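Next comes just one chain, in structure tokens: the form predicted alone.
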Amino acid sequence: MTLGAGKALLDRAALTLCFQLLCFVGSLHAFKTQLFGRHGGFFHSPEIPVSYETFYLDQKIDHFGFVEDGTFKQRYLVADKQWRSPGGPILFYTGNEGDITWFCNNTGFMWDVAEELGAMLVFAEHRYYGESMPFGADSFSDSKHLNYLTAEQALADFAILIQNVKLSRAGAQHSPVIAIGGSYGGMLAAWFRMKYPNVVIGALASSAPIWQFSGMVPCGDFYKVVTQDFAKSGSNCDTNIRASWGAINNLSATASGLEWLSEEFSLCAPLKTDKDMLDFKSWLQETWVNLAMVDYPYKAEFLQPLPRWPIQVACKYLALDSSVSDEQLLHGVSQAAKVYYNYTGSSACLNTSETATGSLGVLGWDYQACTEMVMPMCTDGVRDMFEPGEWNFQAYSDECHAMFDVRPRADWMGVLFGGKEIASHSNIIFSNGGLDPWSSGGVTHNVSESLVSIMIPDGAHHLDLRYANDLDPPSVREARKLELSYFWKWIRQAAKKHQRVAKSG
């Protein structure tokens, strides 16, 4: 494969993070952008430790067949100190691609509203992530084992888990349940309400790109949002990032240029080969994407320790005119990248194979992106600040086959969950931040009276699910108030329905 062909494939990658494509020369950088988008994450850690109990429930490995009759232990966490029994509501977090304790400790909105609602909080771990491994240590050793890693199986786990919680806890039998999730967890929360309306009375789907699939949104919209974030955060910021790719290509043409790049960017391993350059540019591309997702109004440490409004800080190094040399331009780029990777100054060197926390289940998400979660992405270098690259499904499929011996189904999620034809459903809030690139695949308009969109113009990736902060913009404060008002509305509706049933019975 030529360098140009490999680069074209890399540019398609934004989806394995919240989701990532594939670096078709053996690296997983392309998958990473996808991965971290849905990765549910980017939260602000609480100052006061949260308190919960840990439980395990035996779940069927396969809810939809009868040949595989094995079980696994699904981990879930319960916080019930604020719960008003009997009948108080349950806020149910639909676990993402990672260790559930990480999400439990960081989904601040649920903890902030628990007392007012008198709610029990339940955080359910997604199968194949954290401790919830259907085949134990061998879960990732065989693609046949991975066959049970699907959103549909995970939703069935959640439904069975809620049934168990209600039956095993006195006073919970008639408790209304609201699903909450962010990123991939937000997608699951929305789909949970769609598939199991008998189990959950409503859902808050924050930064949930349920339309980032084949034929639903233009493949270039994701990177357009990233570019817009940089364009409005500093003079010439997006223009100079767009120009940086040519400067990198110029310098990487010589051995001395490769040496200069390696030293300028303080790389742990020097750049030597075409593959190194593909990895390096993919790493930089993912850096800009991650900064867009975590462009929060206060200091945060989810993916990396960052200042408030980190893109504005990074763009100060890119306020350069078009007359600067390649070296001057890339010095600015390196300083901007170090805002993300070394803001504290504690890193001796930068590793291009690492861009985010290890709490995310990268391998599991890579498999999901290679089967059901196919999210087309592309760039054109004109409406975005990245090198041009088309979406190439065949190349994507071939790499998935090489990695996992499976072929992705491009249209499956649309078939399974209805695509854009969701108007028959009810009681779902789709919240999206105007700064979040994943909003490009989210529901950003009201579909019906009870399928509502809440836009947060100054919000990055599920800002509304983070802990309340004095530096929160007014738009996210209002979003949380509105979300809470819908919770109360659904709870009252459920109470009236229960009363009618009780009287008729």
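Computed from a prediction, not measured in an experiment: that's the story for all the values here. Throughout, we count residues from 1 along the sequence that is shown.
Not on display, but discussed next: the form predicted together with a further copy of the same chain.
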Listed residue (367, 213, 109, 93) with a non-hydrogen atom within 4.5 angstroms of a further copy of the same chain in the predicted bound form = 367
ask   = From the list 424, 256, 346, 323, which entry has a heavy atom within 4.5 Å of a further copy of the same chain in the predicted bound form?
value = 424
ask   = Looking at 271-279, 414-422, 233-241, 323-331, which one sits within 4.5 Å of a further copy of the same chain in the predicted bound form if you count heavy atoms only?
value = 414-422
ask   = Given that the partner is absent here, does residue 387 sit within 4.5 Å of a further copy of the same chain in the predicted bound form, heavy atoms only?
value = no
query = Do residue 474 and a further copy of the same chain come within 4.5 Å of each other in the predicted bound form, heavy atoms counted?
reply = no
ask   = According to a 4.5 angstroms non-hydrogen atom cut-off, is residue 198 in contact with a further copy of the same chain in the predicted bound form?
value = yes
request  = Evaluate residue 449 for contact with a further copy of the same chain in the predicted bound form, applying a 4.5 angstroms cut-off between non-hydrogen atoms, and reply yes or no.
outcome  = no
remark   = Looking in the predicted bound form, the residues of 59-74 with a heavy atom no more than 4.5 Å from a further copy of the same chain, listed in order, are 60, 62, 63, 64, 65, 66, 67, 68, 69
